[in-house]
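Next up: a single chain in structure tokens, the form predicted alone.
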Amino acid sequence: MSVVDDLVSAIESIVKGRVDEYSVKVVRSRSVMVKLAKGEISVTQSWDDLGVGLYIARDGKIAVLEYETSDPREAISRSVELIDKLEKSPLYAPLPDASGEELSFVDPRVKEIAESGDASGLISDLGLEELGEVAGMIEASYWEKRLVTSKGADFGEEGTSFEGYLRAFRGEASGQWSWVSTSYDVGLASRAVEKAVELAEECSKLPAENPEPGRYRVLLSPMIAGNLIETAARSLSAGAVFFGFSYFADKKPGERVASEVFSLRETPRDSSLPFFAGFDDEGVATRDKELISRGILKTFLHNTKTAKLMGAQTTGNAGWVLPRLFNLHVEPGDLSDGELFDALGNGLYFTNNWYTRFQNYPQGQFSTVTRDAAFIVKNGKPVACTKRLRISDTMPSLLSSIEALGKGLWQIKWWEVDVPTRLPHIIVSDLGISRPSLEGGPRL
């Protein structure tokens, strides 16, 4: 019996008969991460993590316990005794009968790297030795998960993840790109590396120019679009609606929330991206689903609790208490890479961002600061590179102003894009731009 199986059985034996309902999830992950500087490995770190999650309910009272420890059994036993001290939860709904299925994908090469901690071959495999001043991170992970519930779920899955980002420097210019996959896809990673270098080199050859604050046509790279579209998906969680953090709260399925050229799907069944799953935390089967189809809202994301509150059905997105996201997919458009600048015409091309903040969640009012290569485009050609700028607008306005999308899809995940997302470049016809309070800042 594995460590995961042994711990699940031990926890189940503690709670069975002492609560009305329970869901036990144990995830073990082994990872190796390398940090790069000047094309060489500067730091290597390895982890062997064991995460334990427990949902228990009795007499309408619920408790969620999470631990990262090798043996949480004593703490769990004490916690079960305390549930009577809680108030009945307005979010309580009975756990559903099990309907999920197991969905696993393991790449042997990624698993080998993650378990051995030996990442020495990554530099040569990706051809980083000849790239000069580059920095970044590469991570390989292998995980195994098991879920058991009092309503008959007993599922196990395992998977791998190969992800990273690279930042290239050419003088004062820089470019960055990321990748993510469940397989050791050297071609995918190399394509991202080449894109980062290409952006830095192109920016370094152009004069500097600072556009005036105003409203512009903007081409958003998948790096920035991934960050902003993820906020839209999170805002479609019924939990965000319930707690007042959704700019879709006043919308209903069937209403228009975006441009007719924009479609967004959630794809937990896509095992090429690492947040895949065949079951959620309630043991319900996941399914790929349209969230926004040609600008029309199709569904909010539910577990049984939010579904009960809102008179809906679970969508197989249960976290312990509120719905969660799996993988995301934005449908591509019809513009080739060579046609993107021509379609933009006159405007700005932003390739990366950070510090996305919401000033007003119900209105979707946000700002984010650009970083790395940012281009001024005139008559379909980049003519200058600009310093950091701030995008300041609302997400409903941005989604409604999407004019066109590229054909090429990129698989993105890094600090600013937490959910693995497959998406193209996106042209927005009208976006508010200002200058950040600090235009300089460190080269990070």
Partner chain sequence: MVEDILVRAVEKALSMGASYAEARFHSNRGFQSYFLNKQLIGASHMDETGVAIRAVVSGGLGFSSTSSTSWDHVERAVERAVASARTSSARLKKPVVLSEERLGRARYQVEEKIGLGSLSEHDKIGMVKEEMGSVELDVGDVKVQSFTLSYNEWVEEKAIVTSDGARIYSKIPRVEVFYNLSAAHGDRRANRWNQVAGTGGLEVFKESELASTINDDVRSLQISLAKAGSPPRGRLDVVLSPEIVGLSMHEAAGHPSEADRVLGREAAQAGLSYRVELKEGYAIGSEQVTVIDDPTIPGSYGYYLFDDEGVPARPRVLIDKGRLAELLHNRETGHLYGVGSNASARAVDYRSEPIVRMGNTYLAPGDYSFEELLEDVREGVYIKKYMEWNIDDYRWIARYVGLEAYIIRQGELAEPVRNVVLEVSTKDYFSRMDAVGKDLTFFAGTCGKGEPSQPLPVWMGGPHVRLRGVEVR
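Quantities reported herein were computed from a predicted structural model and do not represent experimental measurements. Positions refer to the first chain, counted from 1.
Another form exists, predicted in complex with its partner chain; not displayed. Remarks below refer to it.
Using a 4.5 Å heavy atom cutoff, none of 237, 313 and 325 lies near its partner chain in the model of the complex. Here is the short version: of 126, 98, 119, 93, the single residue with a heavy atom within 4.5 Å of its partner chain in the model of the complex is 119. Shown without its partner, this chain lists 344, 301, 114, 229 as candidates; in the model of the complex, only 114 has a non-hydrogen atom within 4.5 angstroms of its partner chain. Of the stretches 267-275, 195-203, 353-361, 179-187, only 353-361 has residues with a heavy atom within 4.5 Å of its partner chain in the model of the complex. Although the partner is absent from this view, residue 79 contacts its partner chain in the model of the complex, with a non-hydrogen atom inside 4.5 angstroms. Of the heavy atoms in residue 48, some are within 4.5 Å of its partner chain in the model of the complex. Contact between residue 253 and its partner chain in the model of the complex is not found at the 4.5 Å heavy atom cutoff. Residue 38 belongs to the set of residues with a heavy atom inside 4.5 Å of its partner chain in the model of the complex. The partner is not shown here, and in the model of the complex the stretch 255-288 never reaches within 4.5 angstroms of its partner chain through any heavy atom.
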